[in-house]
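One chain comes next, on its own, written out as structure tokens in the form predicted alone.
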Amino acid sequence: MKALVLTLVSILIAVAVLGPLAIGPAGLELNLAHDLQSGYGENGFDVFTWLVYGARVSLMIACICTVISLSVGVIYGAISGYVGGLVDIILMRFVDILLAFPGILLALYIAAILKPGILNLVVALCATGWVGYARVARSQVLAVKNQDYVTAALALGASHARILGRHILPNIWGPLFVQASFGVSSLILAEASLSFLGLGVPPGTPSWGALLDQGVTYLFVAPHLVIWPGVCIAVAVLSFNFLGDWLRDVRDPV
């Protein structure tokens, strides 16, 4: 299981990072002589090249959103759990309000208001992406803030910021990393969904979701435009889900 997971994730990262450098952008150029032929898309761009560049776009957006959401969520949840009392109640009720809205629908609404673009797509996906990390961080802080080493640090006069940064946060990252691996797969799927609807990356930007959108139009003429991006999305999502399962098993082998 470990070897399979690491192999799949490593291949995806290698394709996203090194693939475009290896094959170059020539396949993205239009060639009407190859319009909708086998291996080519509308106006003759090379589907394989589009898929390789789309891997970079999908993983880049997923990783950026995961880092932002994880950072915001950890800070928010850690403060809520550490301070406690009325502050904790107010902060968590705001989280509950955001959780009352389906995340993808709220992202769809925000993306519809903003014009298509990578920055706007990141904003839409991060708008509610951080709340899950906040809840996990809060629960972990509540579990460790009364431990003896935290009490000892308080007795020695350590500041609250130092206690959070040096004694609490380093001991709560395990569950957050597990959730982050699942979060990457969810974001890959969300980015593809928004791009499929024309609300994600700008038109003309290589994206698996945008290629699926084009493939629906020519489903019976050029089915490869649907099959291959669908396979890429499925493999990417399954790979990071397997990674999350493996990390969870490593943390809790029972």
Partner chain sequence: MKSGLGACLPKLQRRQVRFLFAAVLLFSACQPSKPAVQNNTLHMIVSVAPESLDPRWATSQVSQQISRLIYAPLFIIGDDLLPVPYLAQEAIQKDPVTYQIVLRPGLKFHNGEPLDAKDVVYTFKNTGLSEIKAPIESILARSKYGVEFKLKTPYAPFLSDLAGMGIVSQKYETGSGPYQFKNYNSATETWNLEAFANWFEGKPEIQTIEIRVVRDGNARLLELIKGKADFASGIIKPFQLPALKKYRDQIRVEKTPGLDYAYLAMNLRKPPLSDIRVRQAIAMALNIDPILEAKFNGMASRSTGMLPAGHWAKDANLEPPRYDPERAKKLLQQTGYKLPLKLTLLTGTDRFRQSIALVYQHQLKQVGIHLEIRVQDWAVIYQNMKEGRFDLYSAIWTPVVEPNLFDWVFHSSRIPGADKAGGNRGAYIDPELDKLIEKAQITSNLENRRVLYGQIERRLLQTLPYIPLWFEDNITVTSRDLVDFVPTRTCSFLPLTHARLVRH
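Positions refer to the first chain, counted from 1. In this text, all values refer to a predicted model and were calculated from it rather than measured experimentally.
Missing here is the form predicted in complex with the partner chain; even so, the following discussion is about that form.
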Contact between D213 and the partner chain in the model of the complex at 4.5 Å, heavy atoms? yes
If we define contact as a non-hydrogen atom of the residue within 4.5 angstroms of the partner, is T217 a contact of the partner chain in the model of the complex? yes
Partner proximity in the model of the complex: L30 to the partner chain, non-hydrogen atom cutoff 4.5 Å: yes
Scan 14 to 53 and note down the residues that get a heavy atom within 4.5 Å of the partner chain in the model of the complex; none is a fine answer too. E29, L30, L32, D35, L36, E42, N43
